[in-house]
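Heads up, the chain below is alone and in the form predicted alone; it's given as C-alpha cells.
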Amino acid sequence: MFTGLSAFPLTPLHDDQVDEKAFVGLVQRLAAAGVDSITALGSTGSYAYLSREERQRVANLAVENAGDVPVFVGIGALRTSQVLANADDAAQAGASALLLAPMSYQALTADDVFELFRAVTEHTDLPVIVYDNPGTTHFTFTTDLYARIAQLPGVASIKIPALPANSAEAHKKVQEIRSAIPENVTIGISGDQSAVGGLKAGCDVWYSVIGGTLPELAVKLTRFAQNGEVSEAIEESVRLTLLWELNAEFGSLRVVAAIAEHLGLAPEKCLPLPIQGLDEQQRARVKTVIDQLDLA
C-alpha cells in the first residue's frame, strides 16, 4: 500500500468554505487515473488551515469518492490531543493510514517529536506515515530520529524531503536511511522535481503534489521508474523542467492551485486566506507552461 504513487489533492475553498464539489471532482479524477493511493489533507490539502469539522468532512468525502484506492489522511495539529482526535476522525471516515507532520509554534526538540509519534501509534491501529516537511514545519529530522520513530509499532512509511540532484549522493542518502529503519517501513520521496531521482535511488513511493492535480503525468513517471525504464523517466522529467522551475520559484502549492483553477478543476482563488496565490502575470506564465507542455 505504501508504494508507487500517492497523490496529494488540493482542498479547494470558495468564499472561505470548502468547495465540496471541486474536491470530490479532484478525488474522482485521481481514482480514474489509477494512482496507488490518495493522501487527503496533506500540506497541499491545506490541513493546517481547516477546522476539525472541515477536516472530518474532507476525510469522509475522500474515502467515499476514491473507489478502491486507499486514502491516507493528514492528522497534524499543534497539540497532541488534537492530533489524536483527528486520528479518530480519520479512522471513523475509513482512512487506510494516517499522515503525521510535527506542527509547532514553539520550536520542537527531537524528543518532543518522538513522543508525539509514540502517543499516536499507541492510540490508533492505523498505519502511520512520518511526514518530514521542513519547509512548512521548520523541523529537521535526522536519520537517528527516523530510526527511533520507525521502531514504533504501526509506523509504515517515511516521507523524506527532496534528495540531492547528484544521483550518487541521492542513492547514498536513501541507503543511509534504509539501513537505519526496519525493512517493512517504506521510504517515500517528495519534491516533485526530484521524484524520478528519488525512485531511481531506491525510494518506494512518490508522495506527489503535482499528482494531485495532474495525475496522468505523475502516474506515467512513476510507472516508468517502477518498470525499470529509467531513461524514459528521466527524459519525461526533463521535459517538465519548466514546470519544476515554476515550483521552485513560486512554491508548489501556489502553482498547483493556479493549474487547477486554469483547468476548471477548482474555483478562482481556491487557497485559504491569507494565502493570495499567484498574481495575474504569474498565472499567465503557468498557463503558458501548461499549454507548451500539453498538460491540459
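Remember, predicted model here, so these are calculated numbers, not experimental data. So that there is no doubt, residue numbering starts at 1 and follows the sequence shown.
Although it is not shown, the form predicted together with another copy of the chain is what the next lines describe.
- Shown without its partner, this chain lists 116, 181, 130, 174 as candidates; in the predicted bound form, only 116 has a non-hydrogen atom within 4.5 angstroms of another copy of the chain.
- Of the candidates 231, 28, 51, 241, 51 is the one whose heavy atoms come within 4.5 Å of another copy of the chain in the predicted bound form; the others do not.
- In the predicted bound form, another copy of the chain sits within 4.5 Å of a heavy atom belonging to residue 108.
- Heavy atoms of residue 112 reach within 4.5 Å of another copy of the chain in the predicted bound form, making it an interface residue.
- The closest heavy atom approach of residue 280 to another copy of the chain in the predicted bound form falls outside 4.5 Å.
- Contact check for residue 57: no non-hydrogen atom falls within 4.5 Å of another copy of the chain in the predicted bound form.
- Stretch 78 to 86 is the answer when you ask which of 193 to 201, 162 to 170, 78 to 86, 221 to 229 has residues with heavy atoms within 4.5 Å of another copy of the chain in the predicted bound form.
- Residues of 152 to 177 include none with a non-hydrogen atom no more than 4.5 angstroms from another copy of the chain in the predicted bound form.
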